[in-house]
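Just the one chain here, the form predicted alone, laid out as structure tokens.
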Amino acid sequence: MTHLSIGIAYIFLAPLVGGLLMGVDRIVSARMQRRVGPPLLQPFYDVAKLLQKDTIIVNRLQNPALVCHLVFMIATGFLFFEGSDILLIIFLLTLSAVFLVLAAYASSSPFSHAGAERELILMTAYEPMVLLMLVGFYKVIDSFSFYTIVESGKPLILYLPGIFIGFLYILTMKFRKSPFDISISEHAHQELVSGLTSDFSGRSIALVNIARWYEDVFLLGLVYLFFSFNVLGGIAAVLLTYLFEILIDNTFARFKWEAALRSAWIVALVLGGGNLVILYAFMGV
């Protein structure tokens, strides 16, 4: 199977995998809370229903921005699994997030504006750790390519344990899990209602959900890189990571934005920066 065909397969299969992961998330969360929970395919039912609903457009910029958000998210995963430069891919991921923020700012709702501002704060919080992770990849493998990293056979988890733990920390932000669901939340404890999606409706919400499914699969692909020296071990690590994020989501109360920003920078400096110092100074990598 060629790299291009794997990238094309991502376009068609990622929303299926992402929707199933969301279904598992809801079921496991319900079990943790001693509820029955929805059926596994409920996320697909929700999106199908949203696609049939009328969409209220509060500003002409909203829908084009959401379409760009989805398109750039798809391009991010496609280029990643196709084997392109991960540094470029991370820039596309950030650009996709920026379009989601622009769509929220297009609304006149104070809830949307507050959610958009918090989303920008989260971007400021997790980007340093992501960049440190890329530096670690390049230092160990001397490449930013997905397949160069996979085919190198090097156990990145042994070279970059601090960076991996730091990435798990900011992954909670990217998955929009508590305690970092400060800009958008599916839970009742969010005082901003739905945060930056407060004024989205119908097909607009469906686009956001589908983009999230694509993003979740891409993020788990980054997790796989740390364990790619062993295929089965990598798949097991990906599944355990996702279950761990669900556990965190159901265990911790939501942080204030100040705590989220401060803690993410501390983790990046101590774990990410410390790991790189060891690589450069002591391991001779």
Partner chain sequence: METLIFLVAFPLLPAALLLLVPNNGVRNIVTRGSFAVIAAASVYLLWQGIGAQPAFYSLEAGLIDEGMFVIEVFLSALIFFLGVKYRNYLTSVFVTLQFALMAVYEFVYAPGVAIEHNLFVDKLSIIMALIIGIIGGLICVYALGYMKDFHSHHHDMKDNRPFFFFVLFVFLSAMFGLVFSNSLLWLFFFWEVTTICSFLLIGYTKTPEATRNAFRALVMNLSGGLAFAGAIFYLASQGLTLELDKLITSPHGLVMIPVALMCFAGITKSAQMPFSSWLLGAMVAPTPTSALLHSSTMVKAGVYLAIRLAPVISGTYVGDMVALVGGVTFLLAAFMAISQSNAKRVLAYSTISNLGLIIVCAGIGTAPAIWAGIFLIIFHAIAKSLLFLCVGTIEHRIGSRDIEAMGNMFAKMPGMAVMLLIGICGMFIAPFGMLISKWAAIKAFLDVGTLMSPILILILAYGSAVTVFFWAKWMGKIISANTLFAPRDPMNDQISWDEWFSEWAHTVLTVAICLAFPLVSQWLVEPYIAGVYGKDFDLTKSMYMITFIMVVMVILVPAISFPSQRNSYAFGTAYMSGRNTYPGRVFDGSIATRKQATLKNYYLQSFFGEDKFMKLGVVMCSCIILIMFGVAFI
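Bear in mind the structure is a predicted one, so any value in this text is a computation, not a measurement. Positions refer to the first chain, counted from 1.
We do not show the form predicted together with its partner chain, though everything after this point is about it.
- Contact check at 4.5 Å (heavy atoms) against its partner chain in the model of the complex: all three of Val71, Ser84 and Leu88 pass.
- This chain lacks the partner; the member of Ile210, Ile157, Ile141, Leu79 within 4.5 angstroms of its partner chain in the model of the complex by a non-hydrogen atom is Leu79.
- With the partner removed from view, the residue among Leu92, Val150, Leu168, Met173 that has a non-hydrogen atom within 4.5 Å of its partner chain in the model of the complex turns out to be Leu92.
- Picking from 210-218, 101-109, 160-168, 173-181 the stretch near its partner chain in the model of the complex, with a 4.5 Å limit on heavy atoms, gives 101-109.
- Its partner chain in the model of the complex is not approached by Phe244, whose heavy atoms all lie more than 4.5 angstroms from it.
- Looking at Leu269, you'd find a heavy atom of it within 4.5 angstroms of its partner chain in the model of the complex.
- By the criterion of a heavy atom within 4.5 Å, Gly233 is excluded from the residues contacting its partner chain in the model of the complex.
- Although the partner is absent here, Ala65 is a contact residue: one of its heavy atoms lies within 4.5 angstroms of its partner chain in the model of the complex.
- If you take 127-164 and check each residue for a heavy atom within 4.5 Å of its partner chain in the model of the complex, you get Glu127, Pro128, Leu131, Leu132, Val135, Tyr138, Lys139, Phe144, in sequence order.
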